[in-house]
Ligand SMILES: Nc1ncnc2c1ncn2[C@@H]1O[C@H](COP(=O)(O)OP(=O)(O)O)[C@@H](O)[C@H]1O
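Shown next as structure tokens: one chain only, the form predicted alone.
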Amino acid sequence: MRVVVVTNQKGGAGKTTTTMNLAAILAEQARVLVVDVDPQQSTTSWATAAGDRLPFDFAAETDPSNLIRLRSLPYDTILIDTPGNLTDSGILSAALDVSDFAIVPTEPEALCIEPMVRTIRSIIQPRGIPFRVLLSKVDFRVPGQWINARDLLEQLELPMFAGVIRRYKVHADAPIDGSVVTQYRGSRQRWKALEDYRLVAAQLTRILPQSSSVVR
């Protein structure tokens, strides 16, 4: 069993969308639980809208001290959605303390990458947790956006996923009706969104067996 935290102390980076949609892809082959520890409860609202249509299990946990119990649950993968601010750093620290791996979504703008780097340098790397940066909300209509962000991450020597998550309206609409990427209505955007998340999920699956269980 592996516990994966999805984190970035800057809001709007795509943490919740990443958590819910990666969980949906992983749930096609494994037992998956999503845990919401963000006091804003964006993931909880999404799950509530979905009802019994979610292809994975879901839980909201408001007490960080209970997170240590996650490792005794009968799941193959547990994804934790965390707060997107500096105020709730204690909650994020508790989530990281029980995690094997961290996914760090970020928008591909320089102003968004700076606070993402702060999260990595101050909270993730000191714990020795393996991680990957995930470029999210990428708009290929903006010339050079993805390439410039990728080059900056390479200069910073930060590991990143080979795949990126493109900006699509279907992602913005999904929390309203509670759908996840495997349930989006048929459209060209749906198939491209599926392609994005399948690529990231495949790489994550290859990485996770190399991550050691928490012994910190």
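When you see a residue number, it is the position in the sequence shown, counting from 1. In this text, all values refer to a predicted model and were calculated from it rather than measured experimentally.
Missing here is the form predicted in complex with the named molecule; even so, the following discussion is about that form.
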Given that the partner is absent here, does Ala172 sit within 4.5 Å of the named molecule in the model of the complex, heavy atoms only? yes
Would you please decide whether Tyr168 lies within 4.5 angstroms of the named molecule in the model of the complex, comparing each non-hydrogen atom pair? yes
Does any heavy atom of Ala13 come within 4.5 Å of a heavy atom of the named molecule in the model of the complex? yes
Only one of 160 to 168, 29 to 37, 146 to 154, 66 to 74 sits within 4.5 Å of the named molecule in the model of the complex by heavy atom distance, namely 160 to 168
Between 123 to 151 and the named molecule in the model of the complex, list the residues on our side with a heavy atom within 4.5 Å. Lys137
